[in-house]
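Given next are two forms of a protein chain, the same chain in both, each as structure tokens and marked structure 1 or structure 2.
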Structure 1
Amino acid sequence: MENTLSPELSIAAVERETGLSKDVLRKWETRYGFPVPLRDKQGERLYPAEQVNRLRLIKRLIDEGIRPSRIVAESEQRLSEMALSSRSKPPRELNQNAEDFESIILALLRGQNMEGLRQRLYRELLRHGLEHFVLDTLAPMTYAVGEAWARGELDIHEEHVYTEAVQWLLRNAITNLSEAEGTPRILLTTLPGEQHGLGILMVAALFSLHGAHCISLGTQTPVQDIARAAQAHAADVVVLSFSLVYPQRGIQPALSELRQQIGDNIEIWVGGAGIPRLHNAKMPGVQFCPLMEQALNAMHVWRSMKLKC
């Protein structure tokens, strides 16, 4: 048996210590940028003790009903605070509700019930409110739909039906919420080759809810056109999203080109599932926000800085 007091544990030992499978650990590493294992001489993963402690906290919170997408990127201190505050919640209540909702949505997709799908999503929106609907319902549901398609449980046209239904719902919400005089003025799009635009609509809905003015260019906008649109709309921020399928080697060069073209007065915020692969990449004038909560925090920080000026 391996010594659990060792400063570094193998992936098998971490699986035993935390109850998180090897597949989950590898998936989080790619999707969320945590954990960040070291490597031994054979190239095998080794996990420092502090990361194992953090993984234990994450597993505890997941068991209490919190989605991984909400907590994996959080600090150990924040996770400890969340663990203390969640003790009053019945264990697994939220997970059970989420699993039931996912089953309903997947069944509607397989049954080609577009109207039923829209109505069910809309009821969830009214029930939880826009912010919780986006963060706690849509984010995990979208992931579940993608996973079902990857396993062959959904056809590609059924995944497209889901995307269309969610886009319809979010666009209506953004139209009703977006304020012409809202701040900051945020331009949202993706670069050529990035067809996944659901993420930018989700974060645009959150920004709009919090009083920002959002301008969406849709997907696959060339850098030169983004720069021109940012100037034409007097944007304060340009938000880009990168999915897991976008070539990682192309992200930083594209961001550098955009940074040069839009000038220093416009901020660039970057999110999406493809961003954690960059790990600790740092680029002047570019803020990496893998989670939507981090993008919201960036907006609040932007406002507080403007108030000080």
Structure 2
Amino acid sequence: MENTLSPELSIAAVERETGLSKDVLRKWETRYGFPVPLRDKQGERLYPAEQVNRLRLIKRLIDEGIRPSRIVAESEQRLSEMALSSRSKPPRELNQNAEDFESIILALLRGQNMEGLRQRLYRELLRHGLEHFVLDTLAPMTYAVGEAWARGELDIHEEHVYTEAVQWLLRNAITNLSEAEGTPRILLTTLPGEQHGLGILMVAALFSLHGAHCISLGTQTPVQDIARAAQAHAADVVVLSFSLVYPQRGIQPALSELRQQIGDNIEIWVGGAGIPRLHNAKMPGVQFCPLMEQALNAMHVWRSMKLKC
């Protein structure tokens, strides 16, 4: 009746808020000496808000590839330094224009200007055409937004606003492009736990533009249902996307399960920021497309293959 006022979170709440599993939270406590939460009278953990914030920061850095032992027990100062400096550098060679555009968009986001954001994005789409827009503007832009968030320059809700605006734009484009008779028939979704859906929306736009028939299932479809949907829609290809946040270890088992459940004549293509980390992994019957261009290329290969048969 009164602990409504205490700013401590249960371990379940911390898992919810940070994305770190209960097991991990407990292990870190013994291994690295952080976080060490308070306890309630039944001995259950209560994490003060301060520790939760730190955990959030640590999670970011780990998602970027830094190892826990380097940071979990690190001093507050070093942590924020790393947050600023780190960031696996992507191949970024922007011209002046693109850079300007990015800073404009980021400014609109910070100003909570949804309407202006939408207009600016749409104008850019018209200026460059959909393909160029998606590949050279939207993809780096999305990356930059994630980057800005990681540096603490953007709140997560500002990133959400960005996501909403882009979704709206792409959905409209895709709808107007949709061809019932296009080939190949491509089914797009993400696995349960993966909520980042912008990637599949972007490739869906590209595929549609090039005359494919896209079926988007949204995010978080269980493997079994993906298999059934692929059957029902007579899909030629299933496309999945994995972000940096998706637990790396889960990818391969999930893919081999899917590979086994859908027939042999349906291809699987995977992409997203979480994929490049698997550079040395080999999965029979699964195509890795770390870059969006590669997915597009895969589609062209598919077509020429089909032509020969």
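Note that the coordinates shown come from a computational prediction; the quantities given were computed from them, not determined experimentally. Numbering runs along the sequence of structure 1, starting at 1. Heads up, when I say rigid core I mean the largest set of C-alphas that superpose within 1.5 Å between the two forms.
It is structure 1 that shows the chain in the form predicted alone.
Fitting the two forms on the rigid core leaves the C-alpha of L240 displaced by under 2 angstroms between structures 1 and 2. After superposition on the rigid core, displacement of the C-alpha of R39 between structures 1 and 2 amounts to 2 Å or more.
Once the rigid core is used as the reference frame, the Cα position of E158 differs between structures 1 and 2 by less than 2 Å. Taking the rigid core as reference, the CA displacement of S21 between structures 1 and 2 comes to 33.1 Å.
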